[in-house]
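Have a look below at one chain only, the form predicted on its own, in structure tokens format.
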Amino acid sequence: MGRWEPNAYGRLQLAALELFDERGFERTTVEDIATRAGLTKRTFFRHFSDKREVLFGTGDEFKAVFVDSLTAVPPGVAPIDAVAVSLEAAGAMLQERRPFARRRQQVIAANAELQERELIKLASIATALTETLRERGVEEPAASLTAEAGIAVFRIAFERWVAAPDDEQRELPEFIREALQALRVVTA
């Protein structure tokens, strides 16, 4: 594939995941990724600041899905129900990217530094949800508790979804609804 071929971003992501699978995250260099994608290091750095960003580069877009969908929930909806709408919107976004999400999760699970980065990303989303809930008039500590519980629900549902066998045709929003229902049962 020539350097002029389209979708450099996607090619770099795919090359990185292949190499992370083959060699491990630590032993893969930016140059390795660019070479595998048929691109230059310079092109890599046009899209990503470092090799971790291949896994985390869409974090701001992902957070925006959570926040925008929560903001769009009509006033008067219970905080946990409003957050549930947000979780399902984010889940629907990821649904189309299950193969990437599964491979990404395997790479993260094998590296403590990446696990820490993933937790930081989730904490950032929880903070954004908390702020949005406060803007909706939810008082503390309910805003923080609801946001943190929502992120715990999302994380557990996501882990179950990526671990599910390929022949299981359930979508991520289904796992989110199940995890939310389990939370409601234990807090009832």
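None of the values given here were measured: they were computed from a predicted structure. Start at 1 with the first residue shown and count on from there.
Here the subject shifts to the form predicted together with a further copy of the same chain, a form of this protein not shown in this document.
Think of it this way: in the predicted bound form, a further copy of the same chain has a heavy atom of just one of Arg36, Arg136, Arg155, Arg46 within 4.5 Å, and the residue is Arg155. Contact check for Glu116, Ala149 and Ala182: all three have a heavy atom within 4.5 Å of a further copy of the same chain in the predicted bound form. Only one segment in the set 38 to 46, 62 to 70, 155 to 163, 24 to 32 has any non-hydrogen atom within 4.5 angstroms of a further copy of the same chain in the predicted bound form, and it is 155 to 163. Interface residue remark: Asp50 is not counted as part of the site for a further copy of the same chain in the predicted bound form, having no heavy atom within 4.5 Å.
a further copy of the same chain is not drawn, but in the predicted bound form it has no heavy atom within 4.5 Å of Ala128. Heavy atoms of Thr187 reach within 4.5 Å of a further copy of the same chain in the predicted bound form, making it an interface residue.
Among heavy atoms of Ala89, none comes within 4.5 Å of a further copy of the same chain in the predicted bound form. Residues from 113 to 149 that approach a further copy of the same chain in the predicted bound form with a non-hydrogen atom closer than or equal to 4.5 Å are Glu116, Arg117, Leu119, Ile120, Ala123, Glu140, Pro141, Ala142, Ser144, Leu145, Thr146, Glu148, Ala149, in the order they occur in the chain.
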